[in-house]
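The chain below stands alone and is given as structure tokens, in the form predicted alone.
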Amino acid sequence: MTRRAAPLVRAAWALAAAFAVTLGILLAAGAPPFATLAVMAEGGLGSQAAALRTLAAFTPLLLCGAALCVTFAANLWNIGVEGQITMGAIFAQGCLRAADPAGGLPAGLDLALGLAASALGGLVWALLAGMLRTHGRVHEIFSGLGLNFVAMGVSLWLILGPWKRPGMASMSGTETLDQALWLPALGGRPMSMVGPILAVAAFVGAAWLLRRTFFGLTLAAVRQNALAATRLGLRPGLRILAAMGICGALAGLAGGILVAGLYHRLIPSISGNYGYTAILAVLLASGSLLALPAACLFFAVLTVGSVQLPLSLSLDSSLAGVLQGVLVLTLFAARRLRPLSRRREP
């Protein structure tokens, strides 16, 4: 076997093992395996409306996936991306609530300010976790998880308190924004194409940053050996804060797009587990930027298509979450194992 073919063989072996385990999980759950997969694929891509819903889920996944690639490049596990999405949504909602559509500002400027505010909210929240890592020696996993709960608490307090609907407090969310403050819809659908365009632009920008710039090279140096990077004068602490800030800004932008382009208000749990799912997508892609869009699309189809499971097969939609986790774990395990027919490389 040539060295060039070895990665393809490993990938094929890992995918085959993951597919086999996925079928086994479905059989153990009492679900017809191929019918279940067909129902989820049909629910995610079988119609124009389904494809648009999948695209709406794909947008925050790709934004957060690109963001996480930046922090993973510096060996940072930014588990706090969920909280950064939520804070981005809060900042966007606050900015758009204060906007006056009839105030005479140029068309779209209010929306641009709202999205900029969402990026700022995510950046601030990520920098808190970054500073706890660089100055407090608190691992970003623990600080990120704690900040996730704080962001969720802040959003619930705002929804039920200062930003509650006139005369009532409802868990359905805040009052709907003025339609002039919505991102332009696609063909009358409740989803805007501005979000996917921004997500693709962010992905291209992150790929360029990591592959073509000196900053990306320094992140790789920090990941490989932080002590050596310090002796070379690369200031790893500053690089870590920069990576966390970029990641938080992109995650916050995802929250702003969810507010202005999809829900048009702040709702509880607006992050929708997109941050955690994006972590799975990055792990599924093994940190490869080329494979990341396909992984995000795959998880978006599973997330949207799982809604059809109770209707078509009387199965719980949470089965899709089980499949996502099992798939990623199996791929990791399979990559560590070698096919029996393969000889050990020197």
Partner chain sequence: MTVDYASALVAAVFFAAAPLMLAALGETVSERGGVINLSMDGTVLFAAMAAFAVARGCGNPWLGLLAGAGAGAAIALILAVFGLFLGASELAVGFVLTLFCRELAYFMGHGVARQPGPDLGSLSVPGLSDIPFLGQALFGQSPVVLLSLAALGLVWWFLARTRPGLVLRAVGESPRAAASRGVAVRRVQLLCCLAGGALAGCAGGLYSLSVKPGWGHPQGCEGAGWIALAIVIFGGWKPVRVAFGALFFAAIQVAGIALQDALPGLSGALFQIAPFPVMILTLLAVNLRRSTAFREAARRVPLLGRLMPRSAGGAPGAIAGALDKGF
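Positions refer to the first chain, counted from 1. Under this definition, the rigid core comprises the largest set of C-alpha atoms superposing within 1.5 Å between the forms. Fair warning: this is a prediction, and the values are worked out from it, not measured in the lab.
Omitted here: the form predicted together with the partner chain. The next part is about that form.
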Worksheet item: Should the three residues Leu147, Gly153 and Ile279 be counted as contacting the partner chain in the predicted complex, with contact defined as a heavy atom within 4.5 Å for each?
Response: yes
Discussion item. Just checking whether Ala99 would be counted as a contact of the partner chain in the predicted complex - the rule being heavy atoms within 4.5 angstroms.
Written reply: no
Practice prompt. Spell out, yes or no, whether the shortest heavy atom distance between Ala207 and the partner chain in the predicted complex is within 4.5 Å.
Written response: no
Fill in: Heavy atom of Leu37 within 4.5 Å of the partner chain in the predicted complex
no
Worksheet item: Quick one: does Glu42 come within 4.5 Å of the partner chain in the predicted complex, counting heavy atoms only?
Response: no
Item to complete: Would you point out which of 288 to 296, 56 to 64, 311 to 319, 42 to 50 contains residues with a non-hydrogen atom within 4.5 Å of the partner chain in the predicted complex?
Response: 311 to 319
Worksheet entry | Contacts with the partner chain in the predicted complex, stretch 25 to 53 (heavy atom within 4.5 Å) | Ile25, Leu26, Ala28, Ala29
Worksheet item: Taking the rigid core as reference, does the Cα of Ala285 move 2 Å or more between this form and the one not shown?
Response: no
Discussion item. I want to check Ala29: does it shift between this form and the one not shown by 2 Å or more at the Cα, with the core superposed?
Written reply: yes
